[in-house]
Ligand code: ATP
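Taking the form predicted alone, here's one chain by itself in structure tokens.
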Amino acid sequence: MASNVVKHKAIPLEVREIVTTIEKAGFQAYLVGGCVRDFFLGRIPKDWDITSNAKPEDIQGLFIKTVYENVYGTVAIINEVTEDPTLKNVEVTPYRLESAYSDRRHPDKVTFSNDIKDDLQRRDFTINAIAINLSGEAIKDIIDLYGGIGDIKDKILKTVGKPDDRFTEDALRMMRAIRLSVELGFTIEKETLASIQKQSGLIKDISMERIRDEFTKILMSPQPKRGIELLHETGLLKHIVPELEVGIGVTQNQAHAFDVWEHLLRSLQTAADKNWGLDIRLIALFHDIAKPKTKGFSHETKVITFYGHEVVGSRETRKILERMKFSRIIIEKVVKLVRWHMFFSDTEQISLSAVRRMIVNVGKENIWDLMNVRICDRIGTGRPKEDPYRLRKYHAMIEEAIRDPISVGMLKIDGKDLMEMIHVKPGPRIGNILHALFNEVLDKPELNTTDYLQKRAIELNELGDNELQILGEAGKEKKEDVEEEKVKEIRKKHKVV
């Protein structure tokens, strides 16, 4: 049965060789944890973990290059040349027993064991407590003491043993349960979910860096909206990002079908559905974070207002991201785009110069991401999609604003070069020569070389002022015609006028 479930040859050669080396030395070796779970799910494992009755010093003695710098017995075996370029090292850990977890995160004491059953009983979830043995040319054995294979089949996530014990040992497991649920599309078993709700306050004992990492994985899952909802339902969110919960029940104006909370979660889910990165997902989640603080009512227009929520929101977002210890690069980009997310409104009221100013504000490198935030924001209101014409118009205006203008600056020589070469003072004559050269280059781009332009500039300088002016004016007109044609091409491409 085992060989039908897990394909032996799908396991990288390097992993199989490590297992063989350990077993040839007289020890046991099993693949265990997430890599085995992923095999049963038909997924490609990201990490490879092996457990063995060999002690750390035994493992180190079997391989040329290893790293052993922890108190848990884990030895990393370094593969400098691999069949799989993503496979840099494989971790081998002795069977072990663990004592109490005083800090809610790490065992106070680790004892090595000779029985794999001891190792499996300390693991977090049943789906991660399955071990497979690779002896010989086929998979020899599967050890599934806690029904993990059945839980994988039923898409159920539950702890090994009593949930209270597992979460008291390591409080981060509560977030990991939610993360695995939304990554894999599993339902958290009732007793396990109830335990998280009861023990949620223990998350305060976990470092913010570890919380941030699990939070990030939840955001990067296929179902981040459900992930945030589960964090809220279990009581974990109020210890992580309580600012989000303030938006629950905060109604908005007629443009929105949902309260602030639901709008932010739907905006986030849109970013996930489109497979956009962490930065866009964070912006989508936080872009309206300050609406509850800025909510007002206009007696003149009889509508709800949120004046300045983007400015206040950028400050709130910075506090949240800094508290969660996100990288400086992520913080600066997310804060900047939260600040400017309100720019796009009616395309008929936005001028090209306003678009250019916005590009200066957010940077060319961020302007298209700002457009993606716009899409998340709009779909998050309850509208199925951005209006096709408006979206095309936005794209056309941005493309027109960021493109390099047609100008004599594209020539391989400039006015200063000309003045030094032909000894002419600044004035109309220099401009006319440059425009005359530019006229030729527009027709034949291959002429835009320093050698040709220098020789041709000397020839043009021998012309009289009137003749040279005619050539210069022709160059200016040609430049304007080409410029206009480029704009027409952009608008035609986006099907806008």
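Given the structure is predicted, the values throughout are model-derived calculations rather than measurements. Residues carry their position along the shown sequence, with the first being 1.
Beyond what is shown, the protein has a form predicted together with the named molecule; the following relates to that form.
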Only hit among His256, His232, Arg266, Arg179 for heavy atom within 4.5 Å of the named molecule in the predicted complex is Arg179
Between Lys412, Arg210, Arg356, Lys140, only one gets a heavy atom within 4.5 angstroms of the named molecule in the predicted complex; which residue is that?
Arg210
Since the chain is shown here on its own, which stretch among 195-203, 266-274, 115-123, 417-425 would lie within 4.5 Å of the named molecule in the predicted complex, judged by heavy atoms?
115-123
Is the named molecule in the predicted complex near all of Asn128, Asp170 and Arg173, within 4.5 Å of a heavy atom of each?
yes
Considering only heavy atoms, tell me if Lys217 and the named molecule come within 4.5 Å of each other in the predicted complex.
yes
Taking the shortest heavy atom distance, is Lys455 within 4.5 Å of the named molecule in the predicted complex?
no
Applying a 4.5 Å heavy atom distance criterion, does Asp47 contact the named molecule in the predicted complex?
yes
Within a 4.5 Å heavy atom cut-off, is Arg37 in contact with the named molecule in the predicted complex?
yes
